[in-house]
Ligand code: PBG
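Below you will find one chain, with nothing else, as structure tokens; this is the form predicted alone, and questions on how it binds or moves follow later.
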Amino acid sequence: MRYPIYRPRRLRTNENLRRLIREINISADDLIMPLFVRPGKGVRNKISSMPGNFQLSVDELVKEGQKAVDLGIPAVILFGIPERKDAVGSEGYKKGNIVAKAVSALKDKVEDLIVITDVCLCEYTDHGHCGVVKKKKGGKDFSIDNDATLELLARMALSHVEAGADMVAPSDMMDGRIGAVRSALDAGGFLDTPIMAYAAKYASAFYGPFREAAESPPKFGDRRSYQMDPPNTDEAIREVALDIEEGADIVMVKPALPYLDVIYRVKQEFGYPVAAYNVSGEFSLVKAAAERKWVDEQKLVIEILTSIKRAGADMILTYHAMEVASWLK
């Protein structure tokens, strides 16, 4: 028996019919909103390269968290900006660090919000790298002391969870950091706290606006020695496999839009929950074009997020979260 060729054009005649056969839908449930927290009170510092985003004091952060809940956004991820920086990022894991304070306030004042914390040293080190730096002869070349960094990352993650964080997200790309964090959380009695691993994080040109927002550009060199080379996809699969083996509960691909093929491969090969980070550069490019009236911002953003979800992402970290949730509402 010959089957007719499927021609859905009659089902595309109006929006309601299109909705009936739509395969992928974006909802607020898919979104995680990144937030930047710094010391002070009543602070809302505009981030010039990321319109609509701010460095927030804890009191202002709580307001943003409540807005997120009211719009149906289930989760936020926190990035800390300390008062002082040093070579080992001690402000990131000391008792009462800025992220721990923010976590405590959100959990105390905002109901039904999942609070995730970024775990990395780059915002807290005076050199801007994600780990403890070892200088080589002449002072120009450098390397990262991987094992020394693991201990500090584990301390940071534990401080966040002790403050009430629902999940931690190590983003440093050090070897073995998921296992180190998992061991620290388990030893501290937090066996059920999940880890979202920045598993395939590329050395990307799309991070520029974030580095302004987090005040974390490297003072020398770059991060290519510990972040992934953009042409590589097999390496991404190996990195994800290692993080899963060490105890990751969710694996992330970052950035999202230039790496849709990687998102697809990760989802197909592992079947694990996959997060994708629609990063600052992706966000700012859209904003710049929209300000010049070159694109329809709402349609473009929804199309971008749909493509990320269609590739296999179960959740999307995006600076568009608040706007998208309000559009959908």
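All residue numbers are counted from 1 along the displayed sequence. The model shown is predicted, which means the values in this text are computed figures rather than measured ones.
Omitted from view is the form predicted in complex with the named molecule, to which the following refers.
Listed stretches are 259-267, 272-280, 60-68, 24-32; the contact stretch with the named molecule in the predicted complex is 272-280, by a heavy atom cutoff of 4.5 Å.
Although the partner is absent here, residue 239 is not a contact residue: none of its heavy atoms lies within 4.5 angstroms of the named molecule in the predicted complex.
Mapping the unseen interface onto this chain, residue 227 counts among the residues with a heavy atom inside 4.5 Å of the named molecule in the predicted complex. In the predicted complex, the named molecule sits within 4.5 Å of a heavy atom belonging to residue 211. The named molecule in the predicted complex is not approached by residue 107, whose heavy atoms all lie more than 4.5 angstroms from it.
Contact with the named molecule in the predicted complex, judged by any heavy atom within 4.5 Å, is made by just one of 171, 117, 125, 149: 171. Judged against the named molecule in the predicted complex with a 4.5 angstroms heavy atom cut-off, the residues 207, 223 and 319 are in contact without exception. Contacts to the named molecule in the predicted complex (heavy atom within 4.5 Å) from stretch 173-205: 198, 201.
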